[in-house]
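First comes one chain, alone, set out as structure tokens in the form predicted on its own.
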């Protein structure tokens, strides 16, 4: 586990748009939540019928609100169960476990100006960042792209935070963000933050680098969902475990089912915390993470078990 868990009650469920739900959570022990920083996420442990299922979701509320935490969940069409359970089975009054907050997408408070960009459900960490910047009196603007007017689910909250500094791009109106124009001519000390689909994030990063932005001023976040695949065998050298990873489990989930404590933070292929050493692989390593370099992938010596797996054969890990 990445951190101690908290038991919470689902106090309120709101349907925000087709396929998007918001959940308000409160502690069952009555204590206050810890303060978190804008961009933080938590991991929800969901009681699927045969196993616990852990999914990361960004906190979108006021970071100083210690009574209620809010997350929004988009129902994934290819859901392995987590988002589907939240949309179809979760009810107000239910209790679940969550992790303490982790921030892999934090603001640089020394920045002279901040440009926040969100695509679709990527608005969730951006919203908490905007709240923090508004409270600090910082210079910032938000660019929010979404599919159609009904999917601009947090427009009102954003407009209340920063009137005149929220820019909307509605795909159904053929509006899109031109990153080269957005990032050009910005003063030194400007920081850029984006959360959204992979293609959108890549386009923004490429535009920033082409314009000479330092990498330290370009910040992005993506969480990847584990993808299924054919079953494969695993041997753990330190714990002496041998087992098969089924098609509907990630490698990390299968390790946890064996009672082996494997490290993690994001469970979405972004942070590198769950990196494991590959001792041997008789099949093909299928890397889906956002962390390893091309050279590290080619070496065949590392794997991120939260999202990556083996195709055929047996995988031996130093765990």
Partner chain sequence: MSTLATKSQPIYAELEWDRTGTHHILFVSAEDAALAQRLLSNPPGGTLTLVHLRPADDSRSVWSQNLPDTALYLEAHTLAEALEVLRDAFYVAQMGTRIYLAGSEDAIWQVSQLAETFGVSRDEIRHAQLGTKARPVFCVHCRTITRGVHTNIVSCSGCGRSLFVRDHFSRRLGAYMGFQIDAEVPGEVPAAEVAYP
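All of these numbers come straight from a predicted model, not from anything done at the bench. Residue numbers count along the first chain shown, from 1.
One more form of this protein should be noted, the form predicted in complex with the partner chain, which is absent from this view; the next part is about it.
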Problem set entry | Contacting member of 210, 100, 148, 138, with respect to the partner chain in the model of the complex [4.5 Å, heavy atom] | 210
Seminar exercise, completed: None of 217, 87, 131, 241 but one has a heavy atom within 4.5 Å of the partner chain in the model of the complex; the exception is 217
Exercise. Just one of 163 to 171, 120 to 128, 67 to 75, 104 to 112 has heavy atoms within 4.5 Å of the partner chain in the model of the complex; which?
Worked result: 104 to 112
Exercise. Within a 4.5 Å heavy atom cut-off, is residue 143 in contact with the partner chain in the model of the complex?
Worked result: no
Problem set entry | Contact of residue 222 with the partner chain in the model of the complex (heavy atom, 4.5 Å) | no
Problem set entry | residue 185 within 4.5 Å of the partner chain in the model of the complex, heavy atoms | yes
Exercise. Just to confirm, residue 190 within 4.5 Å of the partner chain in the model of the complex by heavy atoms?
Worked result: yes
